[in-house]
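Next up: just one chain, as structure tokens, the form predicted alone.
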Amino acid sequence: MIAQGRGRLFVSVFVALVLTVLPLPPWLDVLRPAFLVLAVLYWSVNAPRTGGIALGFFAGLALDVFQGPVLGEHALALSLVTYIVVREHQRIRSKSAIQQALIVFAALIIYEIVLFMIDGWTGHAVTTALRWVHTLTGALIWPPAAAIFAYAAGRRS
């Protein structure tokens, strides 16, 4: 039973990674939510022992391999956000979908701030306001995404 749960976790994270790095036209790429971050946040809230900080680190490292200008920046940012979410997972899980979306919005902002700081320190700064759009789209897509993840996890609620 545990192996089946981990298999579902890894498949959902892999699909989220593919959706995150899939090439899109520039106008649509700006609106794309961070699917991988949403997947890691879902598993960190609902299965913190199976998901957790290690999942955040390795998922971020995989994202760095595909699109990070500095190896380890997504791993660090996602590990930090995952730590916060795992620490507060019981409180987050007890909230309604709208309240969870607001918490996810705050987590995505923290994630983007860490990336912004690392990009600034390494000379890869992107200072357009469009950089922050995916935090809003990620929060907006959280309720249906969480329902899809719950269905994939076998929780038909």
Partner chain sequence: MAAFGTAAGRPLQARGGSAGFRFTLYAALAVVVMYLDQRAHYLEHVRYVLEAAAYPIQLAVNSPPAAWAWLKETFQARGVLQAENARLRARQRDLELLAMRYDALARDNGELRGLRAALPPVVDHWLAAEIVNIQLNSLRQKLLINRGASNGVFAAQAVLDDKGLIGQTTHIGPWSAEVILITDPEHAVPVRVERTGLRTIAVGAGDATSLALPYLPGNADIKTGDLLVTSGLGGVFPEGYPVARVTEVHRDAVQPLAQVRAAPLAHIDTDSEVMLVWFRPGHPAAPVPNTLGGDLKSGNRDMQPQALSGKPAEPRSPGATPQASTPAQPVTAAPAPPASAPPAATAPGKPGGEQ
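Positions refer to the first chain, counted from 1. Predicted, not measured: the structure shown is a model, and the values here were computed from it.
The same protein also exists as the form predicted in complex with its partner chain; that form is not shown, yet it is the one meant from here on.
- At least one heavy atom of L22 is located within 4.5 Å of its partner chain in the predicted complex.
- At least one heavy atom of T122 is located within 4.5 Å of its partner chain in the predicted complex.
- Contact between R6 and its partner chain in the predicted complex is found at the 4.5 Å heavy atom cutoff.
- For K95, no non-hydrogen atom is located within 4.5 Å of its partner chain in the predicted complex, even though that partner is not displayed.
- Looking at 60 to 91, the residues that come within 4.5 Å of its partner chain in the predicted complex, counting any heavy atom, are D64, V65, F66, Q67, G68, P69, V70, L71, G72, E73, A75, L76, S79, L80, Y83, V86, R87, E88, H89, Q90, R91.
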